[in-house]
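One chain is shown next in structure tokens, namely the form predicted on its own.
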């Protein structure tokens, strides 16, 4: 039977872009993948020449190997539970070789513009000046590359080194931090890792950790098991209870239990001088660290409240204390950015971008966002599931609901997540991994039934794919 297939552009060859290439290739869907740098792997390529990696020299993953791996290509069993970034880069390279994807990626090619055309297609403008046209675009440019600084900025002036954690590589790059007084601002994973590294004896002279609000800190292990061992890998079949127990009820039992386990294992943040979290466990993304408690307890890291004022070579905190500081590292998160889109293409503010199933806007049925989530698990299994969804959609074996239904579902889910998680720019794209993967599988089935009802009609793929390939 003759089928109509769209030609697709994939923007970015990080972990999400790579799995998109694989899912389209196995389905025979024609595509071009454009990567700004000289190699694939995105955030996990140390000193990536695309300038978008936030990896530092000592970085290890903070979800376990078993929970991070692609199901279609498991990680080597000899890898440790929490591999180093260099091992993740090797894994990605092996993934590309296994599926023969390197030949499908156009490296050293930045997408400068992506513009919708009157006929529904998308025209890309590449750095070399060429302007290819595609039936659909998958956006996989990541959301941990455009640094977000404190807003509003702290009053006063600082005369020392100021940098974002995105630029941090080690205690000597890009700035010499040995034997200096360093202030790290933030309570996320990067803030904890960097503070712990600088807090080692013989590195920084003094390390201060400042936070505006508290967060729950989960150790990497409970006993000898990784902390995320209780989770289902998002790509696997749901647990039996997921078909019966609503997630809101499950969380009411599971989250207090996890919080109790954390207190038993390492105590509470306020026991170490850190701010007391104003939210219950599960209402915000937790920080993963097994070392920060030791560093705080040993005096290698000194906790401080929020900054009140910058005073040249000193910093005053809201508790009135003042300390000499040589360098400030802001680990204050990232902005969601699409530099290739005009602001009118998809207007949004403060990282707040509602999408149907966190992938599509009802405004465009041929613009897909991959990996644009902040999961309580690794993003890679979620991206694998999303890429499979997108592959079926582009193939025509899945069909979207009508635009009004998409909009209604999208807004309801977005508002529910806002009520469920802490109101901040960090949590606008937050998801619960088990719930999200369960709901996406459910939508898979419903969309395939819709597609089957249209099987005897010519609209095997959306009609906005004007130059689709007939095979």
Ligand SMILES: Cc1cc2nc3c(=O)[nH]c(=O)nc-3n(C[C@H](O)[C@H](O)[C@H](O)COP(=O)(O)OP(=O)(O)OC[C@H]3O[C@@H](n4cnc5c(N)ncnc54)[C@H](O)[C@@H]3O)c2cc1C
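Numbering follows the first chain given and starts at 1. Quantities reported herein were computed from a predicted structural model and do not represent experimental measurements.
Keep in mind the form predicted together with the named molecule is missing from the figure; the text below concerns it.
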{"item": "Segment that reaches the named molecule in the model of the complex - one of 372-380, 236-244, 389-397, 292-300, heavy atoms within 4.5 Å", "value": "372-380"}
{"item": "Listed residue (433, 29, 68, 429) with a non-hydrogen atom within 4.5 angstroms of the named molecule in the model of the complex", "value": "68"}
{"item": "4.5 Å heavy atom contact, residue 105 to the named molecule in the model of the complex", "value": "no"}
{"item": "Contact test in the model of the complex: residue 13 vs the named molecule, heavy atoms, 4.5 Å", "value": "yes"}
{"item": "Interface membership of residue 421, the named molecule in the model of the complex, 4.5 Å heavy atom rule", "value": "no"}
{"item": "Contact of residue 207 with the named molecule in the model of the complex (heavy atom, 4.5 Å)", "value": "no"}
{"item": "Within 4.5 Å of the named molecule in the model of the complex: residues from 31-68 (heavy atom criterion)", "value": "34, 35, 36, 37, 41, 42, 43, 44, 50, 52, 54, 56, 59, 61, 62, 63, 68"}
